[in-house]
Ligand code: NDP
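This document opens with one chain alone, in structure tokens, the form predicted on its own.
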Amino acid sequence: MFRAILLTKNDDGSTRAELTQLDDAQLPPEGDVTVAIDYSTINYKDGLAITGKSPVVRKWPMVPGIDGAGTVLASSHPDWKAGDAVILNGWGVGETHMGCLAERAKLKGDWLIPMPHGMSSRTAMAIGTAGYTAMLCAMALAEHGVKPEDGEVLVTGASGGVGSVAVAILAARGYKVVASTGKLAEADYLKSLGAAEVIDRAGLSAPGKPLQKERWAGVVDSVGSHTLANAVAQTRYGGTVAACGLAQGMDFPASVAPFILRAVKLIGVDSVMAAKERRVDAWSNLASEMQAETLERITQEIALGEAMDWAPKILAGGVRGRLVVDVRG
């Protein structure tokens, strides 16, 4: 038996979340690697799943948790053996396949990547999908020619998980980072991560003109909607915008003008189904670039039983940085 958060549907269609005991027979049969999970996280998508605020879960009952890190207990997959340290991000885990907010998970070996040398399970989950996505965005900017000397880089949703790590990564790479947040009280926190300037998100979140004064050489956006549209409208000629989130909304009320008049590039960044090689590259970069003291400023640790109380807080924007879950605690 092992502890897990289990999501079930009530008669009225609402979601019930409870900390309970499961056994191996309840794990998904299609998995070929059984992992003892040491740490997981709560991401925005996990908050949606646990609260039932959005139809994230498509198979019931479900264990949430799109991230996990731990040690292989048993494997019939050729790439993995007992004792291997592994990381899981995405692949529909916690949505259509039982996830990692549990002491044990049965996963497909093709979804796993090796733990980078010297990285602990706790560090991996302090980074989690949010940090891994932030690195994919930073890689996208660099690959599309955005250099530190080109000018300011905007990070929206900067006090959240993706934003906090993006600020830290980009600042460490030498970019002048401008952090947009709805929590100006977090300005000192964001500057401690490397932000050169902190601005109020209100200047980006309302409807704006299709072309605005050019400012940003690059953008990392985890917000979407009007915020993304305004960021694109303010991006300098030839600049790149990496879009990875929808905290404000899925809509994109924008014009083609920045793309055809300023050659702005809008790059979609997906972390859920990214190829293994891309994942390994991102995690290798994270292992070498993320400093322990920076992660500690970003991270708050909670126990598995506390995860359900934190889920609505992350949806309400009440979480700074990252939540790492000690599933054994």
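Quick note: we count residues from 1 along the sequence shown, nothing fancier. This one's a predicted model, so the numbers in the text were calculated from it and none came from an experiment.
The protein also exists as the form predicted in complex with this ligand; that form is not presented, and the subsequent description refers to it.
- Contact annotation: of the candidates V280, V272, A263, A303, the single residue with a non-hydrogen atom within 4.5 angstroms of this ligand in the model of the complex is V272.
- The partner is absent here; in the model of the complex, the one residue of A74, A172, A257, L246 having a heavy atom within 4.5 Å of this ligand is L246.
- This chain is displayed without this ligand, yet in the model of the complex the stretch 158-166 from 212-220, 233-241, 158-166, 112-120 comes within 4.5 Å of it by heavy atoms.
- Interface residue remark: A130 is counted as part of the site for this ligand in the model of the complex, having a heavy atom within 4.5 Å.
- Interface residue remark: G317 is counted as part of the site for this ligand in the model of the complex, having a heavy atom within 4.5 Å.
- When this ligand is considered in the model of the complex, Y44 lines it closely, a heavy atom lying within 4.5 Å.
- Of the heavy atoms in K176, none are within 4.5 Å of this ligand in the model of the complex.
- For the stretch 180-200, the set of residues having any non-hydrogen atom within 4.5 angstroms of this ligand in the model of the complex comprises S180, T181, G182, K183, in sequence order.
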